[in-house]
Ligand SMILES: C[S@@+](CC[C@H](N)C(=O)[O-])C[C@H]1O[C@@H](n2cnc3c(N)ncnc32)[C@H](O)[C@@H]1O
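This document opens with one chain alone, in structure tokens, the form predicted alone.
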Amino acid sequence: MVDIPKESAETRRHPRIAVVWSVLSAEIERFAAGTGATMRILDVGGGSGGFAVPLAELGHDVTVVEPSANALASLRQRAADAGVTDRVEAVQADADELLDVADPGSADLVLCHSVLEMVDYPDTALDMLAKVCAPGGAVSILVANRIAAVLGKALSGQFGTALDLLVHVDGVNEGRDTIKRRFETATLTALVGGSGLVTEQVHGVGVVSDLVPSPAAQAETGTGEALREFELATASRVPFRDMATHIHLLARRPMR
């Protein structure tokens, strides 16, 4: 049995990412039940290792592909602090260079979190994710939700910006946004299907967690655990799922 460090376990329980960890944990258990082996994980755009290091602490081998040298330096330090440098590999590359740094079919689990919003051609990126994923393996995708952005701006009284996000095909506010696009559940699943991957699960991440007081206030009032449970309970339920800040999708590469 793997000894899970207390800090990492608490991190995975954080209300804002508990849903993602719940899905990943189930996938890890499914893989272990079928093979009894640890996973080969590829984290595309994995930054400083927010997911990679906890996964390595669970005993898995994780390769992080990230364009930022500063983020990779932080990743290496975080891995060293956690004692998992032997299970974390840092590779500096852009998402569109993925096939230059990873072999086809080499990953049992591919993470692509907050990346598709930034790349020029998300369909091309998804094609590469599908190719590096092993047959039967899974791809975890996290993207910004267009509907949530519209509602968020409207609820804050920024109706002009809300209308811009609503009518723009990619759900962006021209000249002011730092990302290139936002997604809706239907557009994301269609894009994923075009790559040959099969969508298995769709969850909302951040149904209300970005609308409530800060984590510090939650801890003081004891509402943090209740918020986590609420997020888990509503993540797959329509319409709550489709109003969340982010959309999380788990897709699988067919065996043939």
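All residue numbers refer to positions in the sequence shown, first residue = 1. Worth saying up front: this structure is predicted, and the values here are computed from it rather than measured.
Form predicted in complex with this ligand: not shown, discussed below.
Asks: Using a 4.5 angstroms cut-off on non-hydrogen atoms, would S68 count as touching this ligand in the predicted complex?
Replies: Residue-level check for S68: yes, a contact with this ligand.
Asks: Flag M118 as yes or no: does it have a non-hydrogen atom within 4.5 angstroms of any non-hydrogen atom of this ligand in the predicted complex?
Replies: So M118 counts as contacting this ligand.
Asks: Taking heavy atoms and a 4.5 Å cut-off, does D94 contact this ligand in the predicted complex?
Replies: Heavy-atom contact with this ligand at 4.5 Å: present for D94.
Asks: Can H113 be called a contact residue for this ligand in the predicted complex at 4.5 Å between heavy atoms?
Replies: Yes.
Asks: Looking at 42 to 50, 190 to 198, 26 to 34, 204 to 212, which lies within 4.5 angstroms of this ligand in the predicted complex, counting heavy atoms?
Replies: The contacting stretch here is 42 to 50.
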